[in-house]
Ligand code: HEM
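One chain comes next, on its own, written as structure tokens: the form predicted on its own.
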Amino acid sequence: MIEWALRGARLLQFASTLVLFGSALFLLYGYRSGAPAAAPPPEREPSWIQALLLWTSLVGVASAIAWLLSESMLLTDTWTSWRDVLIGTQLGMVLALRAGLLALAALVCVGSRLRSRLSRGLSMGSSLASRPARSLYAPVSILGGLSVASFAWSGHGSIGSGSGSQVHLAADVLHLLTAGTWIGALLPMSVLSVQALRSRSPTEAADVARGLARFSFFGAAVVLILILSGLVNSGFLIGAGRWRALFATGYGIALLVKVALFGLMLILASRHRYRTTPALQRVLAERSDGAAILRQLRATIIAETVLAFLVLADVAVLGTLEPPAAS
């Protein structure tokens, strides 16, 4: 029972932290709230953006605490030993660091929300009112990125010693950050596509097309890094000459499930890049009704988001299994 509680805490920690990082990063490079390309960014971020970043950071803090308590229970049969785990283990220190980074991100979000409310009562000439909304996205993406990278020191990538372990650690960090870049962008794109379909606004449809185009610009690099870093990680964790363990161990089977889910996500992402995005851009250029394309886009992005959640659930289980190379 406690193992499943640990896996649940790990899942929430992975999901909230990767979404926080990837969403803030996407909003930084791929979102401009209905403005033309040459226009300045919006003065205030929409409320759903503030809520998304704030709640993911808060869930991240809560799940870090739940992870610590579950790990304490698993190691000592009592959650009251959490102080010993926190101070006396690398995992405890990494969880404390990650919780601190996520709490700081939450404070940045709260500060942005308070600033937005205050600016409504000020003139547009005020320096406070004229601060761009993107002043929120940059610090949150940095704090989220550091939080995501810290997973490399609380998982299998931190095991081992020597020069090979440093290569494994670096590959793990790259894998995590690129995964966050992809997975975290899905939720804001889902919201934008749903809003555009409900409003039938060409401006909001243009937001979706712009976001997809900018994400697709990085898409090939993201996929390539994910594949190469995943192969490096698998090489260290499966072990040379032990690839049959992929089909004979719980870890190997869970890894194959992850690869299969990733393949399905890649198929949907390819459809977005080579079919849906060009079609939506063409419809917008012709000033035609893009409702049908937006409906397809909404369905595929939501499906991709569900697959991403299943990948994270699989990763949460993988982290609690012994890799073949360790046996």
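We number the residues from 1 along the sequence you see. Bear in mind that the values here come from a model prediction, so they are computed numbers and not experimental data.
Omitted from view is the form predicted together with protoporphyrin IX containing FE (HEM), to which the following refers.
- Note on contacts: among 237, 192, 209, 109, the single residue with a heavy atom within 4.5 Å of protoporphyrin IX containing FE (HEM) in the predicted complex is 237.
- This chain is drawn without protoporphyrin IX containing FE (HEM); in the predicted complex, the residue among 227, 96, 167, 87 with a heavy atom within 4.5 Å of it is 227.
- Heavy atoms of every residue among 14, 251 and 259 are located within 4.5 Å of protoporphyrin IX containing FE (HEM) in the predicted complex.
- The chain is drawn here without protoporphyrin IX containing FE (HEM); in the predicted complex, the stretch among 195-203, 209-217, 251-259, 110-118 whose residues come within 4.5 Å of it by any heavy atom is 251-259.
- In the predicted complex, protoporphyrin IX containing FE (HEM) lies within 4.5 Å of some heavy atom of residue 233.
- Within this chain, residue 318 lines the site of protoporphyrin IX containing FE (HEM) in the predicted complex, having a heavy atom no more than 4.5 Å away.
- Shown alone here, residue 137 lies farther than 4.5 Å from protoporphyrin IX containing FE (HEM) in the predicted complex, counting heavy atoms only.
- Of the heavy atoms in residue 9, none are within 4.5 Å of protoporphyrin IX containing FE (HEM) in the predicted complex.
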